[in-house]
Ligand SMILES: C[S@@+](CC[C@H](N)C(=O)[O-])C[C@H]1O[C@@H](n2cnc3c(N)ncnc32)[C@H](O)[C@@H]1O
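Form predicted alone, single chain, as structure tokens, below.
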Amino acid sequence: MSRRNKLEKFADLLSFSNVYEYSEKPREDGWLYNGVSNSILKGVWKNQHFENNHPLILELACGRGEYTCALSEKYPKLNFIGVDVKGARIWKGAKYALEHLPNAAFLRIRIEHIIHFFSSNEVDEIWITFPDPFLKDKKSNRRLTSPQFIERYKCFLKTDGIIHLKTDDDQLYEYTLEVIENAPELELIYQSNDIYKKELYTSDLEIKTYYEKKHLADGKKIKYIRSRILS
């Protein structure tokens, strides 16, 4: 993608009413949203943005927002927010949602900062779809299913809130199972190292992102883990 196209998309995002972009670092008076100090949506996403009280689901590292948009279409009575730092990728899903999906929004931040944008018990579920597995051990704390990130999710995910992981990576799959086994606050509900080997556990797994289609074409097996926050 050319730099010009990226700049055009960044400019579009600033005008999209369903996209929230924040600066990398907070100031004393709060985070900057499109140049204005504003953390007002923390704790009130349902009322202030979606104008309802429906359950709230996040897609982390959402990329183009395929899961965010597909789930929003499938469940119009639920609210969805795709979270990613890559604005040029978010643009595609955000543009489609702006025209067709009032129950979908996007938040452009580094996921390390996510606890600044959601309050206790505000989120019902998290989807993590084909994230960077950060294969080097020294980067394991950057994996979105690491204990460090689980601690962040506990700050805003409801008790019994669900965490979904969908990946093609064997190491991330095994690592996540180990994290769940060693975390008393997590319960493993379901696991599969090849979701298409038999009938799908849930029809939500039918959604195929750009990366999943690419992985399947390369002969890789798609894995899925469903876990629950107990406390």
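All residue numbers refer to positions in the sequence shown, first residue = 1. Small disclaimer: the values here were computed from a predicted structure and weren't measured.
FYI, the form predicted together with the named molecule isn't displayed, but the following is about it.
Proximity to the named molecule in the predicted complex, defined as a heavy atom within 4.5 Å, singles out one entry of L98, L78, I111, A88, which is I111. Think of it this way: in the predicted complex, the named molecule has a heavy atom of just one of L41, L177, A61, L205 within 4.5 Å, and the residue is A61. Annotated contacts: W45, E122 and F156 are all free of the named molecule in the predicted complex [non-hydrogen atom within 4.5 angstroms]. At the 4.5 Å threshold, heavy atoms of D132 reach the named molecule in the predicted complex.
When the named molecule is considered in the predicted complex, Y211 lines it closely, a heavy atom lying within 4.5 Å. The stretch in contact with the named molecule in the predicted complex, judged by heavy atoms within 4.5 Å, is 61 to 69, chosen from 46 to 54, 193 to 201, 61 to 69, 169 to 177. In the predicted complex, not one residue of 158 to 182 has a heavy atom within 4.5 Å of the named molecule.
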